[in-house]
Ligand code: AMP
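Form predicted alone, single chain, as structure tokens, below.
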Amino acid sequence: MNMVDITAAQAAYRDELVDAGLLIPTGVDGLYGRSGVFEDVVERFDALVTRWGGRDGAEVMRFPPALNRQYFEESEYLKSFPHLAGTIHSFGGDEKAHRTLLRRLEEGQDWTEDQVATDVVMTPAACYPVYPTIARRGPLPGEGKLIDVFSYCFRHEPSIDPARMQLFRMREYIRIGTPDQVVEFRELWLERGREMMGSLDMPLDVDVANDPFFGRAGAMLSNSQREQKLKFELLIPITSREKPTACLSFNYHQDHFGHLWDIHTADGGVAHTACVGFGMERVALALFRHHGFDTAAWPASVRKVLWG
């Protein structure tokens, strides 16, 4: 399937979802409302994740979809993904500038000249507020830390692909500790993730992957990430069997965030981190793709897993 066919398949599935009332268009590619049925599936899957990971003793943290701008700058996100970042601006002009704004707005011209950056940015990944939060507490306990986080996230990727939304939800378990603790966590969730998603009766595969780093230097980072097998994704066909969609990701950051935020283990070493991320909308879209839009008609085995 070539890119033209893939694009057509993406648009067709989006239109089917809209016609079924599951997604509500807003006039911007990648920005949708969700129906009650869609939300119910997301909530059921969220509960399934908790059943698989909730007994591990993770500390629960919930953050808004906006991040302290200072934390964002310290994260070095702009070095790797400037094309995905979303900043929040607000009017910073005087009364004269306000009159100009209103005139330009009425005339259909650009009115954003006096918008200035605020102290918050859109959260690009649910785990980002966790690291500075943990760093402020001082050295980790001997057993390290396990965090359960859930947040809306933003990435500036306008697309007709319904599985590539600009605002989407991400559930994560984040492990912070020694290299051995972190690697053990990721291996555990590689097995769990495959088994958990297999219980939902969808075709899937787990493969090594890389992040979409920006620019020429980004290509080298992507190659290094793949060579070291730092990122795996659980892939499910949604709009194309030839180009399946990453619905879960398993990431080992090594000591990157430990160095950035000065997080140390109990013995004084720089902490390593890893996370498993669940793309909530993508999983729901995969379920609708493979089991149909009527959840009451889904296979009994899948309904038992999600609804009990």
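In case it trips you up, residue 1 is the first one in the sequence shown, and so on. This one's a predicted model, so the numbers in the text were calculated from it and none came from an experiment.
Just so it is clear, the following notes concern the form predicted in complex with adenosine monophosphate (AMP), a form of the same protein that is not shown.
Of the residues 41, 271, 67, 248, just one reaches adenosine monophosphate (AMP) in the predicted complex with a heavy atom at 4.5 Å or closer; this is 248. For the options 163, 130, 236, 176, the residue carrying a heavy atom within 4.5 angstroms of adenosine monophosphate (AMP) in the predicted complex is 163. Annotated contact segment (heavy atom within 4.5 Å of adenosine monophosphate (AMP) in the predicted complex): 153-161, selected among 177-185, 198-206, 104-112, 153-161. When contacts are judged by a 4.5 Å heavy atom cut-off, residue 258 does not count as touching adenosine monophosphate (AMP) in the predicted complex. Adenosine monophosphate (AMP) in the predicted complex comes within 4.5 Å of a heavy atom belonging to residue 170.
Contact annotation: residue 231 falls within 4.5 Å of adenosine monophosphate (AMP) in the predicted complex, judged by heavy atom distances.
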